[in-house]
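For reference, the chain that follows is the form predicted alone, supplied as structure tokens.
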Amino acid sequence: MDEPAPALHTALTALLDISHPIVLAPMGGVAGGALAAAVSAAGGLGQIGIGYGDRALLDRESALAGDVRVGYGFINWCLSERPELLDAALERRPAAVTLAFGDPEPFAGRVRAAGVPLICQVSRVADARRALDAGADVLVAQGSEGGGHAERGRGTFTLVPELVDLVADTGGHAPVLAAGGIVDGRGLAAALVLGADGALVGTRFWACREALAPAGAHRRALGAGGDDTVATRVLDSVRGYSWPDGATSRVLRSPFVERWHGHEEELAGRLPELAQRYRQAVADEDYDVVQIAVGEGIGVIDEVRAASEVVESLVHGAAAALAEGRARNHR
């Protein structure tokens, strides 16, 4: 796009000192240093997803981000097993730290003491209250439409305004980010109309050239629609990850998922065999078996693009959608 991106200034852009109200979801195994740096350089906030990673991953991806200002994202229950990773991230003076899945309180104090904005991702109102009590500077309202892990049950469209009202009712000023199903400017505009101060975007950035997602996964997913995804625990089981009860992962349907989703007891009885089959499929890049974690928004994505182009498209699209909405109201 030749024309400059329009200004969409919100409380989020002021708090995080960014140009556009767009934050990269810190997807483990996808949001590495190159993608995070590209999103930040384009005016959003890029984040490195640590996921199940270790210090070597954090160091490697931080080096790839270079001197670009980025944030880091952690899974709380994983971080409790490797708390030193938070210290390693904070030493780098990140633009923000995102904590998700579980109680943020054990780590929130260290983030705030370092003077780093604390983003807490939540799926329920009760969890939002807990995050605000822990000192969250930003709330992420994660709806069930999104890819990867979530504590399922709420849709983005209803959760966002409820959390916006919660912050207002408690006298707070924490910006709310909408997450789940936002892959284009229409989605960003809808989030802003619902009262959010921006969007946390995952699947649209998953389909970027700078993402760590393999090219084979991109080719497999780009022909899919939202109906081709399912929230399941099957792939966590064969990969050996014990997520808390109530958490599932939205992934692209595959022959392997279709065979075992809904048959988890039978799967448990054959777990060693199926875990070995999964490991072999990873080596073979066999996407009839290997996980492709994308959200329902995959049906709106038809190409792999540069992250900078995605940021521009989101902002231009949102501005156009908002202008069209205002024009309709005046007809």
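Residue numbers run from 1 along the displayed sequence. Remember, it's a predicted structure, so these values are computed and weren't measured experimentally.
A second form of this protein, the form predicted together with a further copy of the same chain, is not displayed here; the remarks below concern that form.
Visitor: Could you check which residue among 193, 88, 114, 167 gets a heavy atom within 4.5 Å of a further copy of the same chain in the predicted complex?
Guide: Selected residue: 193.
Visitor: Considering a further copy of the same chain in the predicted complex, which of 216, 172, 225, 255 comes within 4.5 Å of it through any heavy atom?
Guide: Of the listed residues, the single hit is 225.
Visitor: Does a further copy of the same chain, in the predicted complex, lie within 4.5 angstroms of each residue among 73, 96 and 210, using heavy atoms as the measure?
Guide: Not a single listed residue reaches a further copy of the same chain in the predicted complex, so no.
Visitor: Given that the partner is absent here, does residue 135 sit within 4.5 Å of a further copy of the same chain in the predicted complex, heavy atoms only?
Guide: Flag for residue 135 set to no.
Visitor: Does at least one non-hydrogen atom of residue 78 fall within 4.5 angstroms of a further copy of the same chain in the predicted complex?
Guide: Contact check for residue 78: no, nothing within 4.5 Å of a further copy of the same chain in the predicted complex.
Visitor: Indicate whether a further copy of the same chain has at least one heavy atom within 4.5 Å of a heavy atom of residue 300 in the predicted complex.
Guide: Judged by the heavy-atom cut-off of 4.5 Å, residue 300 is in contact with a further copy of the same chain in the predicted complex.
Visitor: Within a 4.5 Å heavy atom cut-off, is residue 15 in contact with a further copy of the same chain in the predicted complex?
Guide: No, residue 15 is distant from the partner.
Visitor: Name the stretch: of 200 to 208, 237 to 245, 184 to 192, 114 to 122, exactly one has residues whose heavy atoms fall within 4.5 Å of a further copy of the same chain in the predicted complex.
Guide: Only one stretch qualifies here: 184 to 192.
Visitor: Would you give me the residues of 154 to 169 that have any heavy atom within 4.5 Å of a further copy of the same chain in the predicted complex, in order from first to last?
Guide: Heavy-atom contacts to a further copy of the same chain in the predicted complex: 154, 155, 156, 157, 158, 161, 162, 164, 165.
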